[in-house]
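Two forms, one chain: they're shown below as C-alpha cells, one block per form, named structure 1 and structure 2.
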Structure 1
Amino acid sequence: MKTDPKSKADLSAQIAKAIRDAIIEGRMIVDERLPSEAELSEQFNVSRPTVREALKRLAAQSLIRTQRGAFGGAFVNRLSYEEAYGQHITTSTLLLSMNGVNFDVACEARYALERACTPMAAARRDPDHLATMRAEIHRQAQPGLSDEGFCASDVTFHRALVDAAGNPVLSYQLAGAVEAMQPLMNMITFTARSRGEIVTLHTRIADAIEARDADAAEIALRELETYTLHLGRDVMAARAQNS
C-alpha cells in the first residue's frame, strides 16, 4: 500500500486514497479488518491523528466502519443500497442546487429516466408497488396537505413507480434524479387546480401500470412532464417579474 509523494495532497488524503484504491481494486475484501491505527501510523510513517483523519474520510464514504473495543478496529464495509442511496441523493441534490441547474434541464433528465423504467414496471409491477402508488394518490387528494407534504408524496409515488421495475440498480440510479428534484419542486405552490391535474395524471399512470400497458403509462408520464414544466416556468416567470 504505497502513497504517492509527488501529489501535493495532505498526508491524510494520500493515505485515504491508498486504502480506497486497495478496496476498489479488490485487494481488500468486504469485512476484512484494516490494521489498527497504531499499525497504520507505523506503516505509513505518520502520526495517529493523521491516520485517523484518513479513516474518517473513508468512513464518510461508507467505505469502512469502525468498532470500538478489543478485537475492534476498522473494517471494509459492504456498501448497502441504503447507504449508496444516501450518498447519491446528497450529491445529486447539492449538484443541482449549487450549480443553479435550470428547472427544465432537471425536469427533462428526471422524466427521461423515469420513462425508461415504465416498460419494466408495467411488466413486473407487484401488488405492493401498486398499493403504494394508490395510497400516495389518495394522500395527494387530501385538501389539508401542505405543499411540502404534496411534494414528498409525489416523490414516494414516483419511487414506487421506479421500484416496480424490479431492478435495484435502476432504482438506485433513479433515486438521485427523483429526490434531487424535490427542492426545485418545493418552490412551486400547488393550487387546488394543479393538484387535481397531477392526481389525474398519477391515476392514469397507476391504471396503466396495473393494466400492464407500458405505452399508456409512457404517454401519461410525458403529459405529466409537460405539465410540470409549465408549472415550473410559471414560477420562474413570476420570480423574474418580482426581481
Structure 2
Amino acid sequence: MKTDPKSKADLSAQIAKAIRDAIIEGRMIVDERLPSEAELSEQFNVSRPTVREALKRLAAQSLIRTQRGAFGGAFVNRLSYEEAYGQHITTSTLLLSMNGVNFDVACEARYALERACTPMAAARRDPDHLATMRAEIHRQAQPGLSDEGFCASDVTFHRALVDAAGNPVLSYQLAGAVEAMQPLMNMITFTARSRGEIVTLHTRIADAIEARDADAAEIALRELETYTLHLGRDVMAARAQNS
C-alpha cells in the first residue's frame, strides 16, 4: 500500500483509499488487525494525526472497527447489508435531490426495480412479510393518519414486498429505490392522491403475493406506477402554471 505524491487528494484520503482497496481486493480480510498508527505512519511516511484521520474515514464507511485494551487496535470490519442500507439510502437521496432527477425518471426506475423482485416475492414470501403488508394497508385506511404517517406506511409496505423476494443483494440495491426515491415522490404527490386508490392497489398487490400470483402483482404495480405518474405530472403542471 502506498500513496501517490502527484495526487491532488489529501494524504489522509489517499491512505484511506489504499487501505480500502486492500480490503476490497481481499489483501486484508475480515477481522484482520491493521498495523498500528505508528507502523502506518512509518509505512506511508506521514504524521500520526494524518493516519488517525485516515482511520476515521474508514470507520465512517464501516470498513474498520476499533477496540481498546491490550489486544485492541483497528480491525477490518464485516459489513452487513443492514449496516450498508443507511449509507445507500443517504447517497441515493442526495444524488436524486442534488442532480435534479425529474419525477418521470425517478418513477420509472423505482417501479422497474420493484417489478423485478415481484416474481421472487410471490414465490418466497412468508407470513411475516404478508402480515407487515396487511398491517400497513390497515394503517393506511385509518382516517386519522397524518400525511407523514401515510407516507411512512407506504414505504414500509413496499419495503416488505421487496424483502419478501428473499434476496439480500436485491434488497440492498432496492433500498435506494424504495426508501429514497419513494419518499421524494410522495412529497410531490401526497396532496393530490387518493388514499382510497392507493389502499385498493396495495390490497390487490398483497392479495396477489399471498396467492403467489406474480402476474397479478405486476399488473397492480404497473397500475400504481401509471397512477403515480399521472399525479406527479398534474402536480408539476399546476405548480408551473401557478409560478
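All residue numbers here follow the sequence of structure 1, with the first residue given the number 1. Because the structure is predicted, anything quoted here is derived from the model rather than measured. Under this definition, the rigid core comprises the largest set of C-alpha atoms superposing within 1.5 Å between the forms.
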{"query": "Pair member which, unlike the other, is the form predicted on its own", "finding": "2"}
{"query": "Post core alignment: G69 C-alpha displaced by 2 Å or more between structures 1 and 2", "finding": "yes"}
{"query": "Rigid core fit between structures 1 and 2: Cα deviation of R193 in angstrom", "finding": "6.6"}
